[in-house]
Structures are given as structure tokens and as C-alpha cells.
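First comes one chain, alone, set out as C-alpha cells in the form predicted alone.
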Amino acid sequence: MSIDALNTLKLSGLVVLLAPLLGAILAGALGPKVLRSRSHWPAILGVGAALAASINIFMTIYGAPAGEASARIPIYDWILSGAGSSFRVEFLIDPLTSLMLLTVTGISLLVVIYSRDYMREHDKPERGYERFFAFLALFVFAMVALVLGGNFLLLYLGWEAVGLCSYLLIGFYYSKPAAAAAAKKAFLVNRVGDFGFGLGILLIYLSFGTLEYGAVFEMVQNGVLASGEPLAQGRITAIALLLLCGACGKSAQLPLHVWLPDAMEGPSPVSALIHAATMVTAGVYMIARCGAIFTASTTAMTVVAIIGALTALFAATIALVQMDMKRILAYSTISQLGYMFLGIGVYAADSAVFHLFTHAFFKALLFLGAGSVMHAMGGIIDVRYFGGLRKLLPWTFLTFLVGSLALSGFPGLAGFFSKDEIIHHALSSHWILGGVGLLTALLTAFYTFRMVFLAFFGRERVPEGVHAHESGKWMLAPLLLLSVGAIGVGYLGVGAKPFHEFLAPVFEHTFVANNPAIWHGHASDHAGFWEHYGLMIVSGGLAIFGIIGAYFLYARELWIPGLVKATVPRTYKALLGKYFVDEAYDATIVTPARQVGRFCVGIDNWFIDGLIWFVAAVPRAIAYGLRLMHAGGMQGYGVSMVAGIAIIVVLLFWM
């Protein structure tokens, strides 16, 4: 790559990184006293500048000559040792980086713009308005730092910063107990995954003597340690599984998924940002980036695929009975992330990243659409309390419908293309994995349009005292732009230079080399009609069948769901209770931990404090006795002096 191109990438990378940070600082510092109701502008301008720089990076990488679409760009030496630079702040910019930056900054900008109206009531900013936008911009900074980092140390710093920002935003309404509890839950559950992630990075350093991506991946592919000894299969599997712990926490995969549904207690723009552009995509990005490590272990890849398939089906079944629109979408996100893990686990990393890209558009659209409904319904989002909104909120309905069709995998929309690819790869790997993917696709279409028919069709109903109204232009403009993306971005997977070919240089030595037989999953040019389009027809047909089923049960024959609920009450209760995973964790982990904590507090209060009291009581008692001898009488002092002298004389003669 030319010097000019490298300088362009370096400057653009610094803008991507620092512009949101500057926006966060300005919104937080100037917002309370100077900007006030205009505190959104530093965040909008900061994220907007990051998007412009991301586009520049993408175009530079896209136009780079073959074999030169990757660059390591050192910024400065951070931690030095006698032998030179031990840890360096550096960027790794390649097709995967450029695509992730484009996704993160593009979706984030629309979310920030949307938030301008959402965080106002009667055109007056809510309390903490400037704090909210400062946190949003800081969240974007943390995510782009994670993506841009050229080594595992910077990855880890961005990883932890993303977790901190999610805690701050989920708990934005900190005076609300549910929001405070949800923020704490998200933070603690992620600490479990991050503990394993940190151990994995430590084991990488102990094994390879460096945390720089290129050096680590080269040694892994050569099968050697830093000492030159052979790399044992057990060690690389341990590293991959420890890294997977962190991915399961950030991307809400089994068994660390429990934090994500509760995170809906944060404002709707936060939900859109977490689910579409930041945080939950970090786990998928990390595994794709570390393909050399994961593909070196068949065991690790199998575990990734199984976790993804189980999570996809598990979350989809729970979403079937939920009533809160944002929680339905939360379980949908968990399920779609399961698809991405499944894709990576069957060596289809390009398809997984493609689904991450398309999912960002329609999931952001759905969460912001749900926020528009919530805004119009006075903060109520439970579909049991309203209905028939398609005439009251026509633009919200149309955009929400587009997002729902894309999520359902309706033929021709974004979700159809990316989801179909993953199912194709899964079937090529094992029929059970493919079967789970197809079943989940059917359930996805069903529960998505169950929500649509309950909220937007039927008799018009709104909560008492609520005056339903369509959202303003600041909220509708992002919805319309995201709708265009939800319709069109799927077509980037086809064409003269499709999405997958752009990513090929990143994965050709990892996922491709280790399983080239199913790379892209394209049939031979000489294959027949069914080999080319059979699965596509089945997948699209299942989506249509799920939509029709939801229409029949929730728009026509409304008595049938009640009958089913009464017929299988235990199954319904299990789904409504989310399989009681939270209760199981509470009984086996939380309650025993609290009991141990109470025991430790008891030891501290009674034993430790009692011991300290006793140690202090002895000199206090002696002092109390001696104090009686100092009553202020001269004759008493004289007697004491004589007695003391007598004792000294006796001791001298005795010794």
C-alpha cells in the first residue's frame, strides 16, 4: 500500500477514534451550563465525523490493489521494555475493520439523531439530557476503539469500555429500581464472561510472548510457541474456549444471555445501539478476527456452532409468548446472534459478518420503531394495552413492517439473503444444525408478526389518558433511512464484487483454508435448479408460512392462542418464565453467594471487630485503673512517688 494511502488511513482512523470522544467530552462538560437543550449537537457532529472518516477508510480499502487491502498503522509506543516496544497503540485496518466501522458509525449516527426528539417531553429535554448524549458518544468511541485496535491489549481495553458504557446507559434512569438492577445485572454477567476472556488473553501472552494480532496468528498457523516448541492442541483449544467465554457474555449467548432482555429498561435508543451497532456484535467480531485461533481447534469450532444453534432456537421459543415489544425484540437479537455464531462455527465467517451487517439495519429499525410506539403510548410498550395503531401511527407502522419482514427473512429483503446463507452452510455441515436453523426461521417469522398483528391491527386501543400521535421528523427520518437499508443491503451479497469477495482476504488463510469445501456455499455452475434455489425457496416459504400462521392466530381466530395456552399450561408457563434460567441462577449462584456474603459480614462484625475491640479494651482498662491514681491530691502523688521509689530500690537490690 502506498505511503499516501497509509497516511490517509492513519488520519481517518484517528478521526474515527477521537471525534466521538471529543463529542462526549463537550456534551458532558458544556451541556449542563452552556449547551443545555442543544447538547445533542456535539454527539451528532462527533459521530458524523467518525462516519465520514469510516467511509473514507472503506473506500481506501475497497480501492486497494489485490493483496494490499490490509495495513498495520502504529500510533505510538505505549509500554516499553529494555528490548524495545512491548505494547504499542496501533491500528489494524483491513476489509473487516472498514466494514465494522461503517456499520457502527452509520447506525450510531441515526440512533443519536433519533434520540434528539425521543429524549424530550413536550419539546423540553429530559433530566440528564446532556449526560445521555455524552454516554452515547462515549459508547461509540469504545466500540470503534475495540474494532480499530491492532492487538489483544487494545481489544481488551475497548471490550471493557463497551461494558462500562452499557452499564451507564442501561441504568440511565438510575432512580428507577428496575433500571438500576438491570444495569448491575448486565455488568456482573459480563464480568463472568470477561474473566474468561482476560484469562484467554493472558494465556496468549504466556504462550506467544506478544499480543500483536499478526505475530500471534502466524505462530498459531505455524503450530509453534514463542519458544519454538510445538503448539499443543489442548492449549490452543483452551485459548479459543476462554475467548469464547467473553464472546458469550458480550453477545448474550447461552448460558450468559440473561442480561440482555433486562437491558430493555434503558431508553429505546440505547436498546437500538446495543442490539444493532455496538456491544453484542463485539463477540461476533472478535471470533471472526481471531479466526486463526478458532479454526486451529475443531473442538472450539464445534462448540461455537452448537452454542449458536441452541441459542437461536432457545431464544426464539421464548419470544413466542412475550408481551413487551422490546423484550420480544431482545430475544430476537439473542436468536439472531445465535445464527451468527452458528455461521462462524460452520466456517462461514463471511456469511456471519454479512448477517451482522444486515441485522444492524433491520434491528435498529425495529427498536427505534418500538421506541416510536412507546413514545406515542406514554411509555407503555406492552401489546396487551394497545392495538390497531397502523392508522394512528402510519409512518411508524410502515417502517416497522419493513423491519419485521426483513427480520422474518421475507424473500427479497435484507434478512432473507444473509440468513439463507447461514442455513445453507449449516445444512452442509450437519443436518441437525441446518434443521435448527430452518425451525428457528419459522419461529422468527411467527413471533415477529404476532407482535405486528397485536400492536398494529385489530380494534384501535390506546392506554387511558394517552393521546396517540405520530413521531416528529427527527425520529421518522432515521426510521425511513433504516427502512431503505433493511430493503436494499441484502443485495450487496450478490453482484460483480459482492460482500463476500470483499472480505475474502481476511478469511482466506483461516476459515477458507480449514474448510474450503463449503466456502460461500455456492453451488456449481452446472448444478440444477433445485441445487441453486431449493433451499432458498424452502427458507422463504417457511417465512411466509410463519407470517400467515401469525395472521390466522392473532388477527383472525383470536380464541385459538387462549385455547393453546389452556391446553399446555406448563409449556406456556415455562416459555413465559424464560425456562426459569434466572430463577435457577438465583437459587444456585446468587442466593448462596449472598449467604456467603452474610457469613463474611458476620465474621467481620463479630469476630474481627470483636478482636479489635478486645485489643483496644486492654490498654483502655489499664488506663482507667491508672486514671484513678490521678485524682489531683498532692498527698496521693507523694505516696505514689515514695512507693515507686521503694519498688525501684527493692528491684535494684534484688537483682
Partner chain sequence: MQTWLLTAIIFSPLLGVLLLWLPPRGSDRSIRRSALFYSVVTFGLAVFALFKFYGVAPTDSQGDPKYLLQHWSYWLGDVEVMGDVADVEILYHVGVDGISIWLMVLTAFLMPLAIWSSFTSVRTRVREYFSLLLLLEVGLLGVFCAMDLLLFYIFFEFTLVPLYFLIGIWGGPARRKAANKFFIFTLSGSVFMFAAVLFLAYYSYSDSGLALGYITLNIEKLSQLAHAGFISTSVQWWLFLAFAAGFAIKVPLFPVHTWLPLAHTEAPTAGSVILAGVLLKLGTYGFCRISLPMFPHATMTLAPFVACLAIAGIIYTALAAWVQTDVKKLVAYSSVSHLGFCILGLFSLKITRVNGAVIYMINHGLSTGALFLIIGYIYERYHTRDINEIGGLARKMPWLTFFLVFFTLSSIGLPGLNGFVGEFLVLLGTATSNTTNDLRAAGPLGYGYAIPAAIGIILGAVYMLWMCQRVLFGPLKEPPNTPDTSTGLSADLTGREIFILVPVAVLCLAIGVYPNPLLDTFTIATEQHVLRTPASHSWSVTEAGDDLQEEIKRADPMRLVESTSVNNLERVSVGNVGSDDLSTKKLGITPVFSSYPVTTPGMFLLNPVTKSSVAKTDHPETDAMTDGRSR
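Positions refer to the first chain, counted from 1. Nothing here was measured: the structure is a model prediction, and the numbers come from that model. Think of the rigid core as the biggest set of C-alphas that the two forms share within 1.5 Å after superposition.
Another form exists, predicted in complex with its partner chain; not displayed. Remarks below refer to it.
By the 4.5 Å heavy atom rule, the three marked residues 76, 195 and 594 all count as contacting its partner chain in the predicted complex. Distance criterion of 4.5 Å from any heavy atom to its partner chain in the predicted complex singles out 184 from the list 509, 573, 430, 184. Between the options 385, 491, 580, 174, the residue in contact with its partner chain in the predicted complex by a heavy atom within 4.5 angstroms is 174.
Proximity of residue 160 to its partner chain in the predicted complex falls within the 4.5 Å heavy atom cutoff. The closest heavy atom approach of residue 86 to its partner chain in the predicted complex falls within 4.5 Å.
Remark: residue 211 counts among the residues lining its partner chain in the predicted complex, judged by a heavy atom distance of 4.5 Å or less. Proximity of residue 254 to its partner chain in the predicted complex falls outside the 4.5 Å heavy atom cutoff. Figure note: of the listed segments 464 to 472, 107 to 115, 185 to 193, 421 to 429, the one touching its partner chain in the predicted complex, with heavy atoms no more than 4.5 Å away, is 185 to 193. In the predicted complex, 590, 593, 594, 596, 597, 598, 600, 601, 603, 604 are the residues of 587 to 606 with at least one heavy atom within 4.5 Å of its partner chain, listed from first to last. After superposition on the rigid core, displacement of the C-alpha of residue 588 between the shown form and the other one stays below 2 Å. Relative to the superposed core, residue 610 undergoes a C-alpha shift of no less than 2 Å between the shown form and the other one. Superposed on the core, the two forms differ at residue 619: its CA moves 2 Å or more between the shown form and the other one.
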